[in-house]
Every structure is written in structure tokens, then in C-alpha cells.
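For reference, the chain that follows is the form predicted alone, supplied as C-alpha cells.
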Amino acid sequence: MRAFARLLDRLSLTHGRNAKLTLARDFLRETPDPDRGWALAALTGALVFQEAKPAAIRKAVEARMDPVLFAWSYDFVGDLAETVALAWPARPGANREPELSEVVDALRSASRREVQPLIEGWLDALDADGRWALLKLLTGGLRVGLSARLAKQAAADLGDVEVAEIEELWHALRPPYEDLFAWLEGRSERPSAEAPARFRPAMLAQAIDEASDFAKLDPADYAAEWKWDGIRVQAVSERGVRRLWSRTGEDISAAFPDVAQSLTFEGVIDGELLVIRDGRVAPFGDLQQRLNRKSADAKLMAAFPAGVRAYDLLMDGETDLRALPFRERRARLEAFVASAASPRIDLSPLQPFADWQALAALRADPPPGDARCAEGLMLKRWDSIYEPGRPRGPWFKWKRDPHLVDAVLMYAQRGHGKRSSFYSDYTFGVWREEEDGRRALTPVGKAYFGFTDEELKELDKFVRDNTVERFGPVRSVRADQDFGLVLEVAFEGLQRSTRHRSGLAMRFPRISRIRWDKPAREADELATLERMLEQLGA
């Protein structure tokens, strides 16, 4: 456990991709099985303990120290694992520090009633760094700045193989990955990837640089299609097994059984999961009603009917098409979708264009209908193979310009991790006219990024200097027509929402600019957002 704790600590304090990669690679090289395999599973999000919940950690610490003192400490620190690791009142006489594999083995077989005593014993035996690592492991939120792909890259470096090879195998492997390490170290053959309906590593697009890229690109080399506002998926049906995978390889079939059951073909489609109602794409908010669920009942499926809009074809029966150019894959995809004749699968249409100016005009003003629910455009070289990762040049994404609105800061809450000492999560509102004719602010969104570290300090000071009420960890700041801080907020889209008093919800809001110069009374009206919503066709 000590080596794993040291790794997490160093990763959390290290900046830079290559430095983090070196730390992870050295750990995997120097740590024996099975501990390194369990660590790799934790770093890639593949390790989940069903019976170990944050509530058990809270009960354990509140049994050892004053609950009010712990609540205050947690409010100030902002991170459960860090707070418990620092405040835990250890009892003498604890056993030796546990190994990582011991912790994993015990938790995988423990009942919910047995989890709390296990946690208490381990916390007594570990130092502060070890306690922090243990609790991060239990909750699954490592947050050390190492992506799952970079962790897999560290493993690939052990055997001098491409990370795409690891990703191709990943869903056929099980932690602690002893067969994977045996292959990487030359002690055995490559593990088989032939699990039916497995995930294939996704090909991703680079954001286009309008100032430089278009001058170097020939429009004749590229196909264009809409970048639909859903979630990227792989719809897989092989040898009687049907799966729906997210872009990162998470099996979401249980939340979309209607879509999974409709995969009556033999092959692999890359596409976008959308709610399609009466032949039209619904706003992303409708799809959100079904995301992150463990199941979906008939009422939910009827209210939010989902389907896949196909972008690409990776497997046609048992034939792997990924090495073919996009032009050929596209032709095969059109025939494949027509042959499947599934009401849950349709084709993402290509958008013809003569030059970049014509495509820019289309992006800026999509025609009425489905395209209003698109985030922008995708550009794909006709000769591009389907290459895992994010290669530079074959595919570009050209998102539509964000919408902008001037809103007034209303509430602030402390952040987490390195931001736990700052008020960094901001709720903002716009003006609306009440029934008695008064103007009042109504919240329309919340954002916690888009500003620099220096701006964060200024925002934090404004919140502290102008707090008028406290609600637990939340502060209400002064915001009226004569005084308030205006924030220019950028967002990708709008949708109706019954959960918000304003009746609206923003998609991907972020702070674009702090308008220290603008009076609060000149911030935007709710009617402005309503007009935006009408223009978007929602």
C-alpha cells in the first residue's frame, strides 16, 4: 500500500504529461504482481467496490471524532479523503500496514456491514499519505491528473508496444492483468482479444485552428458532416452478443436496452447516441434523462426514445474495415445501414460544400430541422484510415461559436482539491420581470472554469467581501440593480428544464470574461435567453 500511496502523492504534485508517464511506468516496472495490476485497474477506473460507500467512511470518522468538528473540517478542506486522512484519530496497537492486494481482496468479498470495521483497522495502521491513498481507492475518485489512456500508455511502454494494442485488448482482460504483464515482459504470448462484442479504441478529432489550418487544407480532400449533440458510442453485435459502449469504453447497454436489442446485424457501428422523437433529434437534455442509469423502464424508454446516428463502420460481419480509407468505409456504411433496416439506427448525412467559405456559412446558419441540435461540423479526410487516438490531420472538429450572455454572480461555493480554499464554483443569474413589475435575478447556470488563477483570487476576494448570507458551504453575494459582479458566460446550447426556476438550462457554461466594468443593471434579461431558445428551435 505504501508504494501505491507514494505513486498517488507524486502524481498529484507532478505537472506535465511526460513526468506523470515516467512515474506510472516506473511504478509498473518496479512493483510486483498482483499489486501493480490492481493499481493499474484503479488508475484506469476499472476497480469498483460495490459495498464500500462514502457513507461508511463518514460513519467511521464520526465514531472517532466530534461530528460537528469533522463537518467544519470537511467544509474547509473540501475533499473527503484528504479531510479524513489528516483528521483521523488513530488508536495504538494497530496491525502492520496492509498491502494493496490485501485491501482489494478483502473489499471484494466483504459485506456492507463488514466494510466499516475494515476501513477503521486500515486507517489505524496507515500514515496520513497511506490513509489518503486508501480512501481515494475506496471512493474511486483518484483525481491525480493521470488519464486512463496515459496509464495504459505506461503499461504499453513496458513492452515497447503501441497503446492502441493495449486498448484493443482491454475489454478482454480482467484485473490484476497478470497475463497482460506477462506478455509485455516477454514471458508469454499476447492475450487474445477475441471476446465477442468487445470495444474497439475510438478515433478522435482535433479541434481545427481557423487561423492556420484552412490555409493548408484542400476542401476536396475532406468530407463534412454534422457533429451531433449526443454522446459518441459504438454499437456492437457479434456472435449473438450485443453491447453499447461509450467513447471511453464504458458499457452503457443496461441504460439503453431498447437500442441494444435493436442491434440485429453482425458488425460494429461508430455513431452518436441521440434521442430521436418523431423523426427529429431532440435536445441533449432529453438524452440526459437516460444517461448514468443502471436500467430503464418502459415508461422512460417511451418518453425518451433513443437511437444511433451512424458515422462509421468498423466491422462488417467478421471483416475489419479500419484499415480501409474513409471513402470506402462510408460506402460500406451506407449499404450496411440500409440492409440493417433498423428503426433505431439511421445514417449521419454528409454535407456537400464547394469551399471553406461555403462550409463556414453552413456552420454559422444550419438549415431548420435536426442540424439545430448539432454542435458544429466534422471534417474527415476521404483517405483516412480509422486510427485509434487523436492523430493530427485526418479528422477535425469545427464547433459552432459559443453563445454569450452577461449574467450576475449570485452564489459561490468552495471548490475541491487545490481549490478547496477558494470560492470557485459560481451560480449566476439574469434579470426577469416579476408580476409586480419589479426586476429580480433568476439563476440560469453554474460554472467553475474559464478563468485564470489570478482571476480566481480576485473572484474569491469579491465573494468574501460581499457575502450577505451563508447556507452551509454556499455563500450568497450582494446582487441587485445597484451593485453586483457581471460575468460574461459562454455556453454551447440551451434547453428547457423543469428543474430550474428560470425554465432553462445551459449546456457547458463557462466564464468567458469578468465584466468588472459593467453595471449589474445592464446584464441580460431572461427574455434574451428565451429568444435564443426559439432560434435554436428547442
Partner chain sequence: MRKAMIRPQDLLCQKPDGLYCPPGDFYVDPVRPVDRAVITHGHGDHARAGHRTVAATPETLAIMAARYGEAYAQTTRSLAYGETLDRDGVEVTLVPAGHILGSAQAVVRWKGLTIVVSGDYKRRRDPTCAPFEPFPCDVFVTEATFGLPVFRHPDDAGEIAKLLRSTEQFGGRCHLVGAYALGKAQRLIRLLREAGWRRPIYVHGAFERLNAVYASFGVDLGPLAPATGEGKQDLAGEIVLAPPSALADRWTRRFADPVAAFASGWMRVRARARQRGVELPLVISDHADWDELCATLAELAPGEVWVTHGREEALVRWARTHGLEAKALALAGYEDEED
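Computed from a predicted model, the values in this text were never measured in an experiment. Residue numbers count along the first chain shown, from 1.
Form predicted together with the partner chain: not shown, discussed below.
The stretch that touches the partner chain in the model of the complex, counting heavy atoms within 4.5 Å, is 70 to 78, out of 162 to 170, 352 to 360, 70 to 78, 278 to 286. Only one of L86, A323, A364, V468 comes within 4.5 Å of the partner chain in the model of the complex through a heavy atom, and that residue is L86. Remark: T528 does not count among the residues lining the partner chain in the model of the complex, judged by a heavy atom distance of 4.5 Å or less.
The closest heavy atom approach of E82 to the partner chain in the model of the complex falls within 4.5 Å. Remark: D129 counts among the residues lining the partner chain in the model of the complex, judged by a heavy atom distance of 4.5 Å or less.
A residue is said to contact a partner when one of its heavy atoms sits within 4.5 Å of a partner heavy atom; A490 fails this definition for the partner chain in the model of the complex, lying far away. For the partner-free chain shown, nothing in 500 to 532 comes within 4.5 angstroms of the partner chain in the model of the complex, judged by any non-hydrogen atom.
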